[in-house]
Each structure stands twice: as C-alpha cells, then as structure tokens.
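Next comes just one chain, in structure tokens: the form predicted on its own.
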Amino acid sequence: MGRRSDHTREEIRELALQAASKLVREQGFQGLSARKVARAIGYTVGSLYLVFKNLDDLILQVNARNLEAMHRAVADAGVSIVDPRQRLLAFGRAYLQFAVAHPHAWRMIFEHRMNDDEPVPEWYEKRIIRLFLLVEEPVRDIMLTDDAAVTQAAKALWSGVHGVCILYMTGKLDVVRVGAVESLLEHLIRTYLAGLEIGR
C-alpha cells in the first residue's frame, strides 16, 4: 500500500490494527513487529507511534478485538441454553473451537507479556474478566452460594478448560481429533460440576 498523507489518526489506527491482525494470522505472534505493520500500511514506524504508545499498546489493541470476538463466540454458544451445566459444556466447546479456528490470535492473547514490567491496563483487564463473568453465571446457578466462592470456582473450572486447550493447541496432548478433545473437556466440566454439587 502506498503512503497516503490524507489518512486521519483514526484511519491510520484502523489500518494498523487490520495489518497487525493479518500478520498474526499469517505468521503467528512471533512474526509481528512495528516495522512490518508500518510497511504494510505505507507509513513509517514513527507515524505508527503517533497513534500507539508502543508495540505493546498495538498488541493489546489487537488482543482486545480478539477477546471481544472470543467472548461473543462463547456467549452465543450458550445464549439459548437454560440448563447451567449444558451451558457450561457449550461454553467449553465454543472456546476450543475459537482456538482451533484462530490459533495464532488465540495464542497471542496468552503469550504476550508487557515489556519492562509495565502493568496491564485496566481497560484490558476488564475484557479478560468479562469471560470469567460469563462462566460465573451458570456456576452460581449450580452452587447457590456467595460471590467469592462462585468467582473462585469459575476461575478454577475455566483454568482447567484453558489448560486442556493449551495442551491440545501446542501438541502436548496425546489426541489428534478435535472431537476427542471436546470429549475430554466435557469430562472435565461434568466431573468438576459434580464435585461442586457434592460440596454444596
């Protein structure tokens, strides 16, 4: 793309986010750099940093969009399911399916680390919390207990779901079919929920 001086800051920002997303899809997280993004949109790295604070900021903005897409996919999977157990099973399947459909974007969300021990911005943390809140609702319906216990249970359950997905996506799980991983996730979720009900 040739450089065009008539782009607004917002247009440059959008071009950069789209270019960064494309680079991640095609080359993975390790293939992303400010120089590559700037070249893809026809601007200098300096121009890019007039729109973003630094590369971390650009990555967080891309990750935020992916988190929104992930949240939407998981929420939509359970939107019409009344039973909380079935809804959590649908959430787990949707989470795995998102990871399989968007492997590089999914991994970048969890592999990115801020430079210089800079804290993750509050606006970004809220997007991560939204996913846990989605899981908390059906867990609360099952546990019928206080918010602190529900939050802890939802985080523990989803950490297990994420762990299975990580192992599968990195080739560390001795299964190759997505259907087999879904069965494993269902076993994990059903067993964990059964434990919650016993301890209720």
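All residue numbers refer to positions in the sequence shown, first residue = 1. As the structure is a computational prediction, the values presented were derived from the model and not from experiment.
Although it is not shown, the form predicted in complex with another copy of the chain is what the next lines describe.
Chemist: Decide yes or no: are 172, 191 and 195 jointly within 4.5 Å of another copy of the chain in the predicted bound form, with each residue judged by its heavy atoms?
Modeler: Yes, because 172, 191 and 195 each have a heavy atom that approaches another copy of the chain to within 4.5 Å in the predicted bound form.
Chemist: Is residue 163 part of the interface with another copy of the chain in the predicted bound form - any heavy atom within 4.5 Å?
Modeler: Yes - in the predicted bound form, heavy atoms of residue 163 and another copy of the chain come within 4.5 Å of each other.
Chemist: Wondering, does residue 187 line up within 4.5 Å of another copy of the chain in the predicted bound form on heavy atoms?
Modeler: Yes, contact at 4.5 Å.
Chemist: With a 4.5 Å heavy atom cut-off, would you call residue 153 a contact of another copy of the chain in the predicted bound form?
Modeler: Yes, residue 153 sits close enough to another copy of the chain in the predicted bound form that at least one of its heavy atoms falls within 4.5 Å.
Chemist: Residue 126 near another copy of the chain in the predicted bound form, any heavy atom under 4.5 Å?
Modeler: Taking the distances in the predicted bound form, the answer for residue 126 is no, it never comes within 4.5 Å of another copy of the chain.
Chemist: May I ask you to choose, among 114, 81, 75, 101, the residue with a heavy atom within 4.5 Å of another copy of the chain in the predicted bound form?
Modeler: Here the answer is residue option 114.
Chemist: Of 93, 85, 71, 107, which residue is found within 4.5 angstroms of another copy of the chain in the predicted bound form when only non-hydrogen atoms are counted?
Modeler: Exactly one residue meets the criterion: 107.
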